[in-house]
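Presented below, as structure tokens, is a lone chain in the form predicted on its own.
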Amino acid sequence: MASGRTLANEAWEALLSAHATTMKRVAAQDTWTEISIREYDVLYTLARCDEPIRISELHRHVLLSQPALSRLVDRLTRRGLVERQPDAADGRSVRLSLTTDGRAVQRQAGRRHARSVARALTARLSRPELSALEAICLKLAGQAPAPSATTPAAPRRPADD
């Protein structure tokens, strides 16, 4: 029988392998014609914010280095998808938000992305397995578990917002 450390490392390797394989499948879809998957990640993160945020806040939610994120935000700003606004609390900083065009591009790509993710996951996992996967991932992320079937669910944002 594997030790706890060995099992944890095997689980970690399986998680990384599953992530890489699924990301390759999703990235290969025709979803990414107007924007890249990394650009979508930034647009999606900004779409989930109630107000403009600093780039340091954005950096906590995306898997890019700070310099790479800054360059990506510059490109999205030049394309008219993201706008910079002065930070009222700190004149040296700026806050980022989606433009109207950015929100439209994010929603359009988000709908295609949601379908692609659903196809990739439901092709391999049953509903109970998807529920278990969600619960495990939320637990690993330190987030509250999803409500059970007997608990009224709180309103959830659709993935394509």
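In case it trips you up, residue 1 is the first one in the sequence shown, and so on. Predicted, not measured: the structure shown is a model, and the values here were computed from it.
One more form of this protein exists, namely the form predicted in complex with the DNA; it is left out here, but the text below deals with it.
K.L.:
Since exactly one of 66, 99, 131, 108 fits, which has a heavy atom within 4.5 Å of the DNA in the predicted bound form?
P.N.:
Result of the distance check: 66.
K.L.:
Only one of 61, 54, 48, 119 comes within 4.5 Å of the DNA in the predicted bound form by heavy atoms, so just point that one out.
P.N.:
Looking at 61, 54, 48, 119 one by one, just 54 meets the 4.5 Å heavy-atom criterion.
K.L.:
Looking at 40-48, 66-74, 99-107, 131-139, which lies within 4.5 angstroms of the DNA in the predicted bound form, counting heavy atoms?
P.N.:
Answer to the contact question: 66-74.
K.L.:
Please determine whether residue 28 contacts the DNA in the predicted bound form, using a 4.5 Å cut-off between heavy atoms.
P.N.:
The answer is no: residue 28 has no heavy atom within 4.5 Å of the DNA.
K.L.:
Taking heavy atoms only, is residue 92 within 4.5 angstroms of the DNA in the predicted bound form?
P.N.:
Yes, contact at 4.5 Å.
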